[in-house]
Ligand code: ATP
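The data below hold one chain only, encoded as C-alpha cells and taken in the form predicted on its own.
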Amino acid sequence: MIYVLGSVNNDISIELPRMPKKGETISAENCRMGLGGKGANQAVAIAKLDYRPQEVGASVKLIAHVGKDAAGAELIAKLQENRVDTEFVRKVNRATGTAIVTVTPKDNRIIVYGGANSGLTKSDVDEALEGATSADTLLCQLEIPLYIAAYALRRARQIGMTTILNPSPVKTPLPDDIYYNVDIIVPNETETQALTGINPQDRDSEIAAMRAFHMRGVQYVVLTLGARGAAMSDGAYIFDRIPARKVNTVDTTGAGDTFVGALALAYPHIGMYSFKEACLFATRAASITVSRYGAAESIPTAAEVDELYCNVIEGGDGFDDRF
C-alpha cells in the first residue's frame, strides 16, 4: 500500500493568451474546475497508473483534509471515482483548499489557498499509519504544514516504510531530520537550487546537486528537469539521465505530480522495476500529462503508457532507451 500525505484543492484553471500586465484586465480563452492539490494529484496518478485489475482494490490511501462544503464533497467523490481510498480524508470546519491556475502558451502560474490543508494534525498521521508495515510506502509533499510532513516521515521510518518526498513548494530550508528520514527525494530545478544552492543546468551541476542531497542522508535522488527530462542518482553515486519525450506541450500543471506518483508506484511498490526503469516509466507518464489540459484529469492510465512504450520501441519517437 502507498500512503499519500498531502493537499486536496479545488483547481480553477484559466487559459490565457498571455499574462496580464499590472492593472490590466484581459479575457480568458477557457476556464475549467476540477480535482487538484499535489496530494490528490499524486494519489490519482498512483491509482490510474496501477496496471493491476480493479478487483485487487485500491493501491493508495490519501491522508488529507477537505472542508465541510460542496467542493469538499465533490472532490472526495472524484477521488473515489479514481480508485483512491479516502478513508483518511477528513471533512473539517475550514474551506476546502483552492488553487487558481493561469495557463498561457509559454508557462503556467499557480496561486494556492491552503484552507483545510493547513489543519492536518499528528493524530491524522498516527491513525492512518496505524496499520502500515515495512512493505508500504509513504509519499509526502509540502502543500501541508512542514512539521506534519516531518512528523509523518519520522513515523514512517520507525515503521520501516519506504519514504518519498517531493519538496514542493519549498518555502524555507528543510530541517536535517527530514533528509535523514527520506529514502527518495524528487525536486524540480527551482526546488533543487533553493535547497542546495546549485542550479542544475548541465551534467556537472546536476551531479553536484544530487551529491549535496546524498551528503544529507538521502539515498536516491531524482531531479525533474522539465523539457530536459530527469537526472537520477542512487546511493552509490551512480548518475544517469532520462531524456524527455518530444510532445506537443499544452499544460504542465500536473506533470511533476504524475512523475512522482508514477515513481512511487513503480519503485519499489510493484517490485518489477529497477530504479532507472521506474524513472523512465515516470517520464513517459508525465509526457502524456503535459499534452493535455488540467491536473488530475490529465493523468494517463497504465494502458496509455503501455501504448506509448510500444510506439517508442517500434518507432523510436523521442526516447533514448539505452541504459
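Everything numeric here is computed off the predicted structure, so don't read it as measured data. In case it trips you up, residue 1 is the first one in the sequence shown, and so on.
From this point on, the text means the form predicted together with ligand ATP, which you will not see here.
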| property | result |
| --- | --- |
| Contact label in the predicted complex: residue 259 to ligand ATP, heavy atom within 4.5 Å | yes |
| 4.5 Å heavy atom contact, residue 236 to ligand ATP in the predicted complex | no |
| Close approach of residue 255 to ligand ATP in the predicted complex, 4.5 Å, heavy atom | yes |
| 4.5 Å heavy atom contact, residue 118 to ligand ATP in the predicted complex | no |
| Site check 61, 137 and 156: each within 4.5 Å of ligand ATP in the predicted complex by heavy atom | no |
| Which of 76-84, 225-233, 124-132, 176-184 lines the interface with ligand ATP in the predicted complex (heavy atom within 4.5 Å) | 225-233 |
| Single option in 205, 193, 249, 219 placed near ligand ATP in the predicted complex, where near means a heavy atom within 4.5 Å | 249 |
| Proximity to ligand ATP in the predicted complex, single hit among 161, 149, 71, 244 (heavy atom within 4.5 Å) | 244 |
| Sequence-ordered list of residues in 81-119 near ligand ATP in the predicted complex, where near means a heavy atom within 4.5 Å | 108 |
